[in-house]
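The chain below stands alone and is given as structure tokens, in the form predicted on its own.
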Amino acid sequence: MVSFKLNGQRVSAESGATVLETARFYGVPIPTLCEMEGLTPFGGCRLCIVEVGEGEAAKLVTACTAPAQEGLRVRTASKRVIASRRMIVELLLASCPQSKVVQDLAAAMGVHQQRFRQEHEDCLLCGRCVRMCKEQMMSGAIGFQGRGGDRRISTPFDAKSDVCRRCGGCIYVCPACQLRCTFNDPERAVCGGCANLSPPCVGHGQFDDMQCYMDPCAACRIAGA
């Protein structure tokens, strides 16, 4: 067992646990996007950043990859952390403004507009699909290609893969593919209607998963968006 301070409170964690796992155990919320149960930590989305250390030596690290160590000083909601997370959400919105996952994260963080030009690339480069394909489906049919602004996800040499089983696991875990938000006004990039209201279709059998495909979205209309 290791002991460290989390938001000023002394906590304990098992050896090998991460800061994110420890925070969740104690009920401390930390937003995530690329993290998913059953997949190895990736730290690609950066949303789970926390501040570790004190004074000028404090630094931002990803909670999903940071190991819980003896004597750490961790802050999950400092001014620096919150400002950084909001910036990250704005960048995610620019990449995939119609992702309901990103929309809900933005609304929860109080981000109602984004300052960056919408690219509509429809890929967040979170790596969920790559890890799912390799670690859960034991295929490895897709992976990251290129670097920097040219980074993307594709098959080796962009050729048709002979190891892909068309299982759909990559689509199932993709936050850009799971649910789409039909509300997309560049002047008001974040709706927040679905995050702040109970979906009116919940409890009606086969319509449970159809909230974001309603056109117009009932929750958005109720919210006056």
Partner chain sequence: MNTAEIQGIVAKHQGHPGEVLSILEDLQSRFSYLPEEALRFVAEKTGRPLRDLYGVATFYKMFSFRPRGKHLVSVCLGTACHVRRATLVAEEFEQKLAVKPGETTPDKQITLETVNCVGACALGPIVVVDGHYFPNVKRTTVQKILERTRNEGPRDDPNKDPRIFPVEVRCPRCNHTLMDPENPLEGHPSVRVTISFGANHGCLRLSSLYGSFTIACDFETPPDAVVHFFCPYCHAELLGATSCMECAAPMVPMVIEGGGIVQICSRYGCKGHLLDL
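Note that the structure is predicted; figures quoted are calculated from it, not measured. Residue numbers count along the first chain shown, from 1.
Another form, the form predicted in complex with the partner chain, is not on view; read the next lines as being about it.
- In the predicted bound form, the partner chain sits beyond 4.5 Å of every heavy atom of residue 56.
- Though the partner is left out of this view, residue 140 does reach within 4.5 Å of the partner chain in the predicted bound form, counting heavy atoms only.
- Although the partner is absent from this view, residue 112 stays clear of the partner chain in the predicted bound form, with no non-hydrogen atom inside 4.5 angstroms.
- At least one heavy atom of residue 144 is located within 4.5 Å of the partner chain in the predicted bound form.
- For the options 86, 80, 73, 134, the one in contact with the partner chain in the predicted bound form, meaning a heavy atom within 4.5 Å, is 134.
- Per the 4.5 Å heavy atom criterion, the partner chain in the predicted bound form is contacted by stretch 152-160, the sole one of 29-37, 152-160, 168-176, 65-73.
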